[in-house]
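Before any questions on how it binds or moves, here is one chain, the form predicted on its own, in structure tokens.
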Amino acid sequence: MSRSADPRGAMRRIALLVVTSAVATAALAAGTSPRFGFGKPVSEADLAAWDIDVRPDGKGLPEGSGSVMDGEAIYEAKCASCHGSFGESNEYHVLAGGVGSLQSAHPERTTGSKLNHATTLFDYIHRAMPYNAPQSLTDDEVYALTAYVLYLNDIVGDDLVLDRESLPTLVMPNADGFYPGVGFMSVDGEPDVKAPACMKNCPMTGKEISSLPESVRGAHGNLALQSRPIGYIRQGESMAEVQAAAAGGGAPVAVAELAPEALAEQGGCLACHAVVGSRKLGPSFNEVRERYQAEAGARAMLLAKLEAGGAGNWGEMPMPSVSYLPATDRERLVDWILSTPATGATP
């Protein structure tokens, strides 16, 4: 007899539900909250870790300050490898240029040209950058980087020092350029968050209620490629499925069929590491091979580093965990890195 067909089991579950409901009802009647023995109260420290947003008027800005000159040095060390030395971008979002072009026949949508609040730039850097180690920057570093990116866009001079008082006073070139009539997060000008939820007799066919305007489709490149490690975790996709989505569909390629360098590309490793040549955010694979190839226990150490992440071996820049890759793929990557010839050719 199956579990679902066990009448005694069903009666026990019903009885337990009735008792639980009765306890909760009695507690509510007595003016107390029912407790079920799990969870914990949210502490002020827990809330503080989440309460880091900065609003357009500057509310939420922390103490601290940073200059354009300080920002230049930090930018070269932690940002230029992805965004280019002058904000022109190597692969990621363009930070500078295009100011005043949004109403022209050839608009350039960059951080400098489209943001309507300087505090938004601080907020994003503070929460999400650098890509491989978000929230690792100090408040002073974020102020300095914000100042430098604004300088790259000719919005401020090279002698600027930003703090919580001066940042909200800056007027961006596109301060009055945002409007809701493009369908972005809206339905006929009304925010789609106010759409009523259907609770009964709901239609079986769906309809589009909000959409991105055509002007921003593809503005950030191939998002499937850029977010492959995140998607792998968030959506439970296999690397092969992410690869197929990035390629625009078609039959997925089994991960085992990927050459090691292609696996490193699909796994997000090459965003921070070159195979040979100059460093990006971390050492090239060739540097890793030369340092560890003859060292006992190097393979186990590198496998542990891929699984747990960490910092210290090559400087202060932390390396995030790549545990989203299956263990067999992490082993293939380490074996390839330790045996990659100096030319960078796949063995």
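Since the structure is predicted, the reported quantities are computational estimates derived from the model, not experimental observations. C-alpha atoms forming the largest set that superposes within 1.5 Å between two forms make up the rigid core. The numbering used is simple: start at 1 and walk along the sequence shown.
There is another form of this protein, the form predicted in complex with a small molecule, and it is not shown here; the text below is about that form.
Engineer: If the cut-off is 4.5 angstroms on heavy atoms, which of these, 155, 274, 99, 82, is the one near the small molecule in the predicted bound form?
Structural biologist: Only one option qualifies, and that one is 82.
Engineer: Would the small molecule be touched by all three of 132, 312 and 325 in the predicted bound form, meaning a heavy atom each within 4.5 Å?
Structural biologist: The answer is yes: all three residues contact the partner (heavy atom, 4.5 Å cut-off).
Engineer: I'd like to know whether residue 164 contacts the small molecule in the predicted bound form, with contact meaning heavy atoms within 4.5 angstroms.
Structural biologist: Residue 164: no contact with the small molecule in the predicted bound form.
Engineer: Is residue 58 close to the small molecule in the predicted bound form, meaning a heavy atom pair under 4.5 Å apart or at it?
Structural biologist: The answer is no: residue 58 has no heavy atom within 4.5 Å of the small molecule.
Engineer: Taking the shortest heavy atom distance, is residue 268 within 4.5 Å of the small molecule in the predicted bound form?
Structural biologist: Contact with the small molecule, yes.
Engineer: For residue 54, is any heavy atom within 4.5 Å of the small molecule in the predicted bound form, or not?
Structural biologist: No, residue 54 is distant from the partner.
Engineer: Counting any heavy atom within 4.5 Å as contact, can you tell me which stretch out of 117 to 125, 169 to 177, 99 to 107, 155 to 163 lines the small molecule in the predicted bound form?
Structural biologist: Residues of 117 to 125 come within 4.5 Å of the partner.
Engineer: Would you say residue 55 moves between this form and the one not shown, meaning its CA shifts by 2 Å or more once the core is fitted?
Structural biologist: Result for residue 55: no, shift under 2 Å.
Engineer: Any chance the CA of residue 301 moves 2 angstroms or more between this form and the one not shown, core superposed?
Structural biologist: After core superposition, the displacement of the residue 301 C-alpha between this form and the one not shown reaches the 2 Å mark, so yes.
Engineer: Tell me, please, whether between this form and the one not shown the C-alpha of residue 284 is shifted by 2 Å or more, with the rigid core used for superposition.
Structural biologist: Yes.
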